[in-house]
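The chain that follows stands alone, in the form predicted on its own, written as structure tokens.
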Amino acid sequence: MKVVTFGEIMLRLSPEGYNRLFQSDRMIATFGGAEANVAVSLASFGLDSGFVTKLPEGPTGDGAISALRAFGVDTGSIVRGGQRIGVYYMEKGASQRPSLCIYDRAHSSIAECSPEDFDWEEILGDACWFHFTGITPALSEQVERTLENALKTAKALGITVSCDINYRSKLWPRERASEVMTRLMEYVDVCIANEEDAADVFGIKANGSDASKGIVDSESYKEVAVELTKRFCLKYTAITLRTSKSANDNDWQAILYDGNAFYSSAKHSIHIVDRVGGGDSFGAGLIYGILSGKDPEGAVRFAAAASCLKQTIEGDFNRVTVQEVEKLVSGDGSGRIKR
């Protein structure tokens, strides 16, 4: 069972600890990006996973590929060329000061790719699952066309397609996101959204909830899941629900709808180390749960637990095992030292 993901991997530059950007003369350099994060998580769970993108020749592209290979991700379909790798600066928030993310990704190699760069029939020939996020078509019209070619091929090959809506206001306006994503959702079987995505992109709102004020009512999001499922003929719709008490302390849970019934994860209270990649680790956990034969409740519980653990780890990548996730699913969230 092979899962293929397609998107952008970026160089991440972060100040040490809770320093503000440029408060210190040192930055920590790592790599990350939504679909790359999913591929890393899946490889860590023992699945065959491949990541597809375009990266420049030279040390930065080589570094990104090495970071993926270190986890066992198949990088054989990555195209080389273009001028640069995208960069993002990440300042971690604390208490009432929110985290800050600044993108420097214009004219990256993947953003300026050509649809002809990728032979999707060959890339997807041995895949059973294809995953993308709403970040990818927002990068450029070339990437949008490339992604649509991938989706058409996946559909023709009978491959399951998942999409994390992942709306980013810094990349495109709501109107454009709605137009493009509505068209691409035609190919999607499994949809993942957070507590704001459906409203931002499709105008589907959770009555009685206001995430910006910390009011997140899981019952109101069931209506959102039903509407998404009906509108796009989905097999599964998952919604992650984050109640932000502060930048450091969040409650985290998720619901899954299969068109007939709802399934909920446990609610996890997290003291956050690094929340970036939390949604991606949820997506990977859900994919793993479904492919490993878990029932819907087991899949969403596994996904939420995997995401909870990711948010205790520095960097974009989730560095946990299936056994560690299953331990949290079973109720052992004490954090007691293991000797």
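This structure is a prediction, so every number in the text was calculated from the model and none was measured. All residue numbers refer to positions in the sequence shown, first residue = 1.
Below, we turn to the form predicted together with another copy of the chain, even though it does not appear here.
Between another copy of the chain and the residues Ile102, Leu157, Cys233, Val226, the one pair within 4.5 Å by heavy atoms in the model of the complex involves Ile102. Shown alone, this chain has one stretch from 137-145, 85-93, 254-262, 199-207 that lies within 4.5 Å of another copy of the chain in the model of the complex by heavy atoms: 85-93.
In the model of the complex, at least one heavy atom of Glu314 sits within 4.5 Å of another copy of the chain. Although the partner is absent here, Ser292 lies well away from another copy of the chain in the model of the complex, with no heavy atom inside 4.5 Å. Although the partner is absent from this view, Thr182 stays clear of another copy of the chain in the model of the complex, with no non-hydrogen atom inside 4.5 angstroms. For the chain shown alone, Val329 is not a contact residue for another copy of the chain in the model of the complex, no non-hydrogen atom being within 4.5 angstroms. Residues are counted as partner-facing when one of their heavy atoms sits within 4.5 Å of another copy of the chain in the model of the complex; in 8-27 these are Leu11, Leu13, Glu16, Tyr18, Asn19, Arg20, Leu21, Phe22, Gln23, Ser24, Asp25, Arg26, Met27, in sequence order.
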